[in-house]
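Quick setup: the structure tokens below cover two forms of a single protein chain, split into structure 1 and structure 2.
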Structure 1
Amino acid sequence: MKKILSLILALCLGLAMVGAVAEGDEFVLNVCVASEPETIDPNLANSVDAAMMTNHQFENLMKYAMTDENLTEDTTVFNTEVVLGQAASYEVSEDQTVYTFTLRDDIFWSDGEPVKAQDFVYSWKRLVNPDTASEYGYFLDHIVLNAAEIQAGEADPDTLAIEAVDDKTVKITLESPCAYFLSMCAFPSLMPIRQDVVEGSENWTDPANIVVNGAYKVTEWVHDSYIRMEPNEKYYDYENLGPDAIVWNLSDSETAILSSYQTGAWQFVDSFPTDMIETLRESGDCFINPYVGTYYLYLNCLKIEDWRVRAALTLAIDRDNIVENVTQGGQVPATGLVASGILDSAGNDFAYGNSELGDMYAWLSEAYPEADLETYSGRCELAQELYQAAVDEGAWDPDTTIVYNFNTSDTHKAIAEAVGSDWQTVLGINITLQNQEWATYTNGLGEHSFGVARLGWIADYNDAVTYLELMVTGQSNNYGVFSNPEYDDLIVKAKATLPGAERDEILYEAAELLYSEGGFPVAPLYFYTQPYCKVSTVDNVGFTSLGYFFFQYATEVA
């Protein structure tokens, strides 16, 4: 999720920061991955860019560490894997439901206080507490014992099954074995935070107040301009850290971002005009990483009540046109909500493991066997049939105008225009496109005031649940207010089932149910890729296909 500043502000900032690239003999790395983050509070951060910044300031029980594998022809960016972080070791019970982590002896907060097991306990209980109102409050539901009951307001947060056995030992009890639990223990929402710091100030994340346990610490934050981080001298691997400072320049004006990169003001950017990608690749500036994510549209079930209309909207989108002529970044047309790159227990790509057509079309192919779902023209014919049936039965007023909301971005606007054109051409639907600044946009999502709204979801870990649980009744990210008790039960059942063929079957059933009669709450458009531009003089950057870049150990080369 990206946010926007004005072109003028970003251009001025780019020029102003040129002098910060080299401060004496210091290596100051200027990057731009977003505009003003919604927060850098680990429990509350809800975007990839905010999580990326959080990853540089806090460290979890587990962490991402660079391997020697390059993901593309760019030999300066390396893949990462989940390894021990603040934990020195862990043990798992015979039934795989109890994890006991022993913390390192050399971990300290940036003010010199030792990191304690209690700091993890406080963070995890704060996350699941409904009063915290975290978008990721659901994250531990049906994973850690009592989490779901706490989120539902049926149990006290103190009953969450995480305990500090002593200052150096964290014990966590799961509802049932979870194959991806260690990966969850590297996720930003679960990073430790200090109770006295958080409760000592409403503005505890300000540079003057923040206390961190990770590699870097915010030393300056000029809102809507930049965030400067410098190495944390108390970090156990301080001597091996890279940049003397990382400056996170805040902008989402794609034109201005590219201008600042091309003038040398910024050394790394991951957003720029899509029509420049081919030129930038030819010049050796742009590379495209694999990225496990799905770009999709919420179809508000409160405003578009008939599933046939939602299905028609989903079918009428020309996804090939969008990836070939609009985004132009090597994206792949989506075939379901679960992104390509998520694997089932047999190592199959979940997006295609249940049906060659994909989850979005599997049920329709059985319910409407005469429909040609392999071609866009065939999908449009079925879209028209479903739409007309809803109109004829009085379930949909054809004079209705659907409001399509998107947050400010040249790319989001171009996609909205392409989709709106498809809907008007194929279905004759009246569409109003509404561009909104990020704060207004996210408020509208939470208030369910839109008809259609764009969003993207990057996997939190490699399991289909990270996508499918988004559509559970009452889930904080279920902005389209979809509800199906049978679907909810399948997700709970999947979380309680050991990895294997039986669990795969449950997840595939849920994915197909999402796109069957009564469903179609989201219209997936494409599976992401991650284009970026980086100067050749910056080496040793980490990346995970879950969307995070890591600059802690970046080096400067001639």
Structure 2
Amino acid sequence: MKKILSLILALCLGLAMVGAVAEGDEFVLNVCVASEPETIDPNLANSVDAAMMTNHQFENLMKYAMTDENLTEDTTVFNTEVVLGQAASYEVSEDQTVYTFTLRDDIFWSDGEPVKAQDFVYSWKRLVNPDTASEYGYFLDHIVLNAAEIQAGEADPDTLAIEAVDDKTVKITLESPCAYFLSMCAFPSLMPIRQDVVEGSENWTDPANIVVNGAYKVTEWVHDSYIRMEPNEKYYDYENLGPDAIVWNLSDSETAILSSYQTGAWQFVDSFPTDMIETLRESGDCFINPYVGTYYLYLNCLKIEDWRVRAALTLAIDRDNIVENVTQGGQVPATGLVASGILDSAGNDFAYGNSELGDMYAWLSEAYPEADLETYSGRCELAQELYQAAVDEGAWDPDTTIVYNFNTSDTHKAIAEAVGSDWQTVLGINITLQNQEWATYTNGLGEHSFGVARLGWIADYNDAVTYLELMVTGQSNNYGVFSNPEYDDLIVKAKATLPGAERDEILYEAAELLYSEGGFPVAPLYFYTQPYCKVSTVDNVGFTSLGYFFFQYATEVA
């Protein structure tokens, strides 16, 4: 028996050593950014992790390229900017509605076929085609001519205003000028794909079938375990690529993820138990990147009809307490719906461009000049004043109980408890917290069957419109059923105005209007951050505050 056991152990050790030697000479970068993606089909993918994988496998007309700017004290992770990708150049018509891209000459698919303009046309039309049923099918609505009509089933997908003038020229006609169109041209949902590959097999994204035009290509996919990508030899910048392989480990257990990082098996992770952040920061493992996203609460305008009550609820939240003691991930107390990191045309942070205090307080500081909006106690005083006025006028019954819905998560629960406690203490409002699993929760949002409900919004592109249009009348994400025709008009006007000071002014006006008399449809809590752990021996990682990390040029340092 002892002999058998020894033999088994020796075999295991032997196998382990063989594995180590095989990987020893290569730079294999093990990362973990999420669990199994629902899909890695660019047109269908809808999560940040799937988008990251798409960014490594495909390349759009534009792409994210690393700058030499560090976003934190971590000098091995660099900010990125949108630059030309598969396109060698582009021209814009005088009225800024027609973009003509000329493709590079040295771009090929991983099977050696040249990348053609038709591949972009096919992908964009497939995305908006209702039969594709992509969650991002709306992405080009009211941007590219006819996209909205196609999504609504009122026009043929072939009428989308994108055209392959020849094999190397893509012409796109917009409905009206769009300030962020070039950023959209780097978006994962619009990556080029080949019609013969997509329609050639049932599972075209399987390693055996997939054909890519990006830096890396999936070579192995063990579902729910890992996805291995290796450099694409046909990529025009193949010579300069970094890791010999990027292994995307797939896990949703924060404990397991941290364990794998701590044992050195994985070199980069962006998910781990929140209560470990402080310890990991002290050890020099964890850094916190800015992340363009806002965590906010819908205040249902159908149930909390008086704006003063909504304003009071918004003001009475102790945001510093939430970010310091509850979330603990370096988040920034929110000062408006538009997340910090969204820039105006002059490059200013939109969240603070109109008022040092932020959009949320711009109108209040003018309407109530005596109020001290800089301190929490001052905001609470104003909250009590507004709330009492609504009660005195009979616009609000103080015995009303507000139902606060949140989806199952320890963090959401802790936040709900903190906010509920603030409201009870400052305003004396009765709050009932209701925990629901995700599908039931989102269903309730659509049915507006809540008093207060949480949600987060990560920007798809760097423009304030991505947030502000959420509150347009009838917009599907306007779960709090806010409606203000003046606000709607401003958003329509902003979308049709060329980038510049005039457009900025319109957007700032809209942001201020959202938090003025009759408004306060959402109470923003904090701006997101992206904590991550990375070993110091991995350098040259890219990041965009839209949440994507880029590993294709990562290097190994001693």
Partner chain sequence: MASYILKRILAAIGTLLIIMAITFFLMNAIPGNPFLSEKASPQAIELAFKKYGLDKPLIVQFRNYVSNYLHGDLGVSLKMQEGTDVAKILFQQGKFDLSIKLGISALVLAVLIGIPLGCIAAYRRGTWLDGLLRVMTTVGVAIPTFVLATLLLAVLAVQLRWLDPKSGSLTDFRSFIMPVISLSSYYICYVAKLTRTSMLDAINQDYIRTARAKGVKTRVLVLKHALRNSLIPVITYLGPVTAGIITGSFVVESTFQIPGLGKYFVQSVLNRDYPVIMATTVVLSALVIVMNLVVDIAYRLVDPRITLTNREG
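For the two forms, the rigid core is made up of the largest set of C-alpha atoms that agree within 1.5 Å on superposition. Bear in mind that the values here come from a model prediction, so they are computed numbers and not experimental data. Please note that residue numbering is based on structure 1, beginning with 1 at the start of its sequence.
* Asked: Quick one, which of these two is the form predicted in complex with its partner chain?
  -> Of the two, structure 2 is the form predicted in complex with its partner chain.
* Among G358, G480, Y291, P188, which sits at the hinge of the chain's rigid-body turn between the two structures? -> Of G358, G480, Y291, P188, the hinge residue is Y291.
* Quick one: degrees of rotation for the smaller rigid part between the two structures, relative to the bigger part? -> When the larger parts are aligned, the smaller part is off by a rotation of 24 degrees.
* So if we fit the rigid core, how much does the CA of G394 shift between the two structures, in Å? -> The alpha-carbon displacement, core-superposed, is 16.9 Å.
* Cα displacement of N325 between the two structures, core-superposed (Å) -> In the core superposition between the two structures, the C-alpha of N325 moves 3.2 Å.
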